[in-house]
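What follows is one chain in structure tokens, specifically the form predicted on its own.
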Amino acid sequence: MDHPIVREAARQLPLYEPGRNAELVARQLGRSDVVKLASNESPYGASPRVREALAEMLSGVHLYPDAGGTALRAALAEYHGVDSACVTLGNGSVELIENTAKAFLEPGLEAVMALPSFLKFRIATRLMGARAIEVPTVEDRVDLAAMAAAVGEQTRVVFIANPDNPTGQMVSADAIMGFIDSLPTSVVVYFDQAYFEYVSDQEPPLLPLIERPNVVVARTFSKAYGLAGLRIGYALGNPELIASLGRVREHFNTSSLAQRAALVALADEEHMRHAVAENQRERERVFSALSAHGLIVTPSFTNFLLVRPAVQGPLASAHLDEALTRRGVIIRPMGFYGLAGAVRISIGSRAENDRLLAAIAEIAS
């Protein structure tokens, strides 16, 4: 029997493995207190003002959204002190990665990225039939010198996340600017700042970045703003570069609810800053507690921790993902990222983190 012929680039793509579904795990375990610490979501949710605004919009969900995201783009432009032509929206920052690949990559070309780093960089590159050049991190930090050396004549895009996912580590603002200056302007630098709000004072200033002809800066409302379920992100860059991304995007890529929620969230900085401050306190507490059990924990600038097995003792051989899931705590195994034995643990609320640490103590006993 004949079958549809799948493109070679699509056939060879790795199948993305999402984190475990909390409701499904709860049914399997027969318990109602399952805690999910796997997807780097904010435990503090969306701003109350966002929830009110969404309720007011429900009567209009039968209408198409503003395809240009005019109001949100204008608000983002004012917030960042740029022209609205410098702003484009995405269905989460994930779509912006894909649009960058669509606009600049094709078979025979290359994109350079860290290994490990956000999986969508590799997936989007390979989907376009281009080659992903993956440069190993050093001590969980992006090796900018090696990445610059990997740029060749066929390189059209460099993907870099700062802080990086799944390591949670970052490099300095000066190092980033020096790295970008070392590259030819024919190479697009996609600079992912999904966790920007957690480290805003340590990142390069925005305007010197996007004044360059080849730099795209991407951010999202999924993390610190608590809008992961609405899928809304944005990219900033010079107008010509942003127009290139606009040409390949889906026509109605962000919903009316997502646009409105992001608009209100942007204006409610107090809620976002509260979430960031609480995350920092809890992250330090969880880091110390996990380290005290002998687990190898990478210092993080985000809302998650990369954790490797202990050198000795009960936690040296324990499969933390499976052991914690049996106790109703869902975390993210990192085998899909090439980090066998490692896990990524999102920082939850104090109560959720207490559950995690109690389960770890039980496993270690």
Ligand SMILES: Cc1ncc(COP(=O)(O)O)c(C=O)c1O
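Model, not experiment: these values are computed from the prediction. Start at 1 and count along the sequence shown; that's the residue number.
The same protein also exists as the form predicted together with the named molecule; that form is not shown, yet it is the one meant from here on.
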{"property": "The named molecule in the predicted bound form: contacting segment from 131-139, 221-229, 291-299, 99-107, heavy atom within 4.5 Å", "result": "221-229"}
{"property": "Exercise: residue 179 in contact with the named molecule in the predicted bound form, heavy atom 4.5 Å", "result": "no"}
{"property": "4.5 angstroms heavy atom contact with the named molecule in the predicted bound form for residue 263", "result": "no"}
{"property": "Residue 159: touches the named molecule in the predicted bound form, heavy atom cutoff 4.5 angstroms", "result": "no"}
{"property": "Residue contact check: residue 194 to the named molecule in the predicted bound form, 4.5 Å heavy atom", "result": "yes"}
{"property": "Contact residue in the predicted bound form, chosen from 88, 259, 279, 93 - any heavy atom within 4.5 Å of the named molecule", "result": "93"}
{"property": "Listed residue (84, 165, 155, 238) with a non-hydrogen atom within 4.5 angstroms of the named molecule in the predicted bound form", "result": "165"}
{"property": "Stretch 117-152 - residues with a heavy atom within 4.5 Å of the named molecule in the predicted bound form", "result": "118"}
